[in-house]
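The chain below stands alone and is given as structure tokens, in the form predicted on its own.
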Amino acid sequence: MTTLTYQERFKTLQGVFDEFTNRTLFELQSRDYFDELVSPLLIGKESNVFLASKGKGIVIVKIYRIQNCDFNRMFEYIKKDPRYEFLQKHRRQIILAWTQREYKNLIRAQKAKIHVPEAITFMNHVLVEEMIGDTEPAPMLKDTKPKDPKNFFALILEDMKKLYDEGLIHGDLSPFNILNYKENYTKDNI
């Protein structure tokens, strides 16, 4: 067994793959949440998003960056949530709590019949969720405008009201995190 130096243990490849991430991905893969990462999908503000094979299908694996994310912004959002009042301003704790919060919010949104991907599981700073789309991911609203914008907007407003009734407020609703799947919208995060 090789012993890694401090620098090797915390070295990050491609902005996201460090030893901690690799162990987390291996554990999720061992528990059969996905077979293997297939390809990168996008790089967001806080995370790198990958397509992963699962049997004959595809799931989304979202890896929140620990080393190079704006955790101060994350802390400002999360400190207002009573579920996370205990958090101190420590990068790793904030990112792990952020991932857990995203997962729990997706579960709450699903129960309220809001159009969001099914949250499959999370571990540490990795979230696994359903891929919206048939053979490839549904496009973002910024890339595919709806044919009937008024109806599309009405669906979004209806779900935002359900979200509010569920005790949640979306703090980052934008064309970058709304999917246009067959002229029906889906929020890709809460």
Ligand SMILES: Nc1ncnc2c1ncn2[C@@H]1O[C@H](COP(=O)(O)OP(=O)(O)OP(=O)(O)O)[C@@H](O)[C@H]1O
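Start at 1 and count along the sequence shown; that's the residue number. What you see is a predicted model; the values in this text were computed from it and never measured.
Keep in mind that the form predicted together with the named molecule is not shown, yet the notes after this line are about it.
Novice: Choose from 158-166, 31-39, 144-152, 57-65 the stretch whose residues reach within 4.5 Å of the named molecule in the predicted bound form, heavy atoms counted.
Specialist: After filtering at 4.5 Å, what remains is 57-65.
Novice: Determine whether any heavy atom of residue 24 comes within 4.5 Å of a heavy atom of the named molecule in the predicted bound form, and answer yes or no.
Specialist: Contact with the named molecule, no.
Novice: Please check if residue 172 has a heavy atom lying within 4.5 Å of any heavy atom of the named molecule in the predicted bound form.
Specialist: Because a heavy atom of residue 172 falls inside 4.5 Å of the named molecule in the predicted bound form, the answer is yes.
Novice: Does residue 131 make contact with the named molecule in the predicted bound form, using a 4.5 Å heavy atom cut-off?
Specialist: Answer yes; at least one heavy atom of residue 131 falls within 4.5 Å of the named molecule in the predicted bound form.
Novice: Can you tell me whether residue 176 touches the named molecule? I mean in the predicted bound form, with a 4.5 angstroms heavy atom cut-off.
Specialist: Yes, residue 176 is a contact residue.
Novice: Do any residues of 39-53 have a non-hydrogen atom within 4.5 angstroms of the named molecule in the predicted bound form? If so, which ones, in sequence order?
Specialist: Residues within 4.5 Å: 41, 42, 44, 45, 46, 47, 49.
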